[in-house]
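Shown below, as structure tokens, is a lone chain in the form predicted on its own; questions about how it binds or moves come after it.
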């Protein structure tokens, strides 16, 4: 009987999963553009004392200072404080657009032949966001400075709140990660680092492959690389044999039957979910790109991690494949594994 035929069946639910799932939150690892504060640039604005001139003023300013590249900025903002002597303020231009102005006055900024200045107060300096906000936290921060348009990705908003996955989904995620933790412990008992990985087909809720660190045999056999190779073996490929490690195993997908066509098979990890106890390195992250992974869930960060710590490979625009990454799944159990390896290195 072959090893893949003896692989244990997928667990439907692990007792206690729902309870343990409440102790962690899976947060998305977003690009720097999404996660960093929006850069602010200096601009000039003027009060609109007479609201009747607003339409005409905006039209003339758009002609004189079109604010190219700042389509996300609203030209006029309302003053919310009732004690303000003027109800509206209008953005005139960026400070960089008036570099020769030594003394900022209404006359120096607005040539009388281009803009009618009646109904306006004296200019003042403001900060405005240099680019459109991509997330709700960025939008809320940018809007404190000047009104800004925002096209919200609601999935990202919910994910940032830690509410993307339901309790039932989190219970299943915890079960998969605990399988990776079990594999990591088996690897440690074999003298390897305590890192485990599990590949899951989210369509069928089946574990396709389980692997752990095997660098005692080959320096490139990180847990993720082992898991990817086991997936390839499940599809009739693969380059290595891990039969010496009982915790490293794979199962043939349901579509892999005698009468199935080769064209119906996915390309290695297309659409699959990877659960790995520790954040993958650059090599493993690029292997996941090549394998067309769908989503990656990791438990704890790594000093050399390439999916959030040192790099964010999955967000690089020049790559031909990108995928979602979530951190913090079963964090406590994964951190304990990492701590045990760190302590071992000091002896």
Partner chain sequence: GLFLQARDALENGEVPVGCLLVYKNEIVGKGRNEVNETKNATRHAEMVSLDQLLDWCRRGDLDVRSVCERTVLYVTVEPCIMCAAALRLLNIPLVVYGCRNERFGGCGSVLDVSSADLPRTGTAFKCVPGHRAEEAVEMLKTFYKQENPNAPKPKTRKD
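Positions refer to the first chain, counted from 1. What you are looking at is a predicted structure, and each value in this text was computed from that prediction instead of being measured.
Missing here is the form predicted in complex with the partner chain; even so, the following discussion is about that form.
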property	result
Partner proximity in the predicted complex: residue 238 to the partner chain, non-hydrogen atom cutoff 4.5 Å	yes
Non-hydrogen atom contact residue 313 with the partner chain in the predicted complex at 4.5 angstroms	yes
Exercise: residue 174 in contact with the partner chain in the predicted complex, heavy atom 4.5 Å	no
Residue 218: touches the partner chain in the predicted complex, heavy atom cutoff 4.5 angstroms	yes
225, 228 and 304 all contacting the partner chain in the predicted complex, non-hydrogen atom within 4.5 Å	yes
Contact assignment for the partner chain in the predicted complex, among 56, 51, 290, 322, heavy atom within 4.5 Å	290
Selected contact from 268, 90, 181, 115, since only one has a non-hydrogen atom within 4.5 angstroms of the partner chain in the predicted complex	268
Answer range among 199 to 207, 155 to 163, 139 to 147, 239 to 247 for contact with the partner chain, defined in the predicted complex as heavy atoms within 4.5 Å	239 to 247
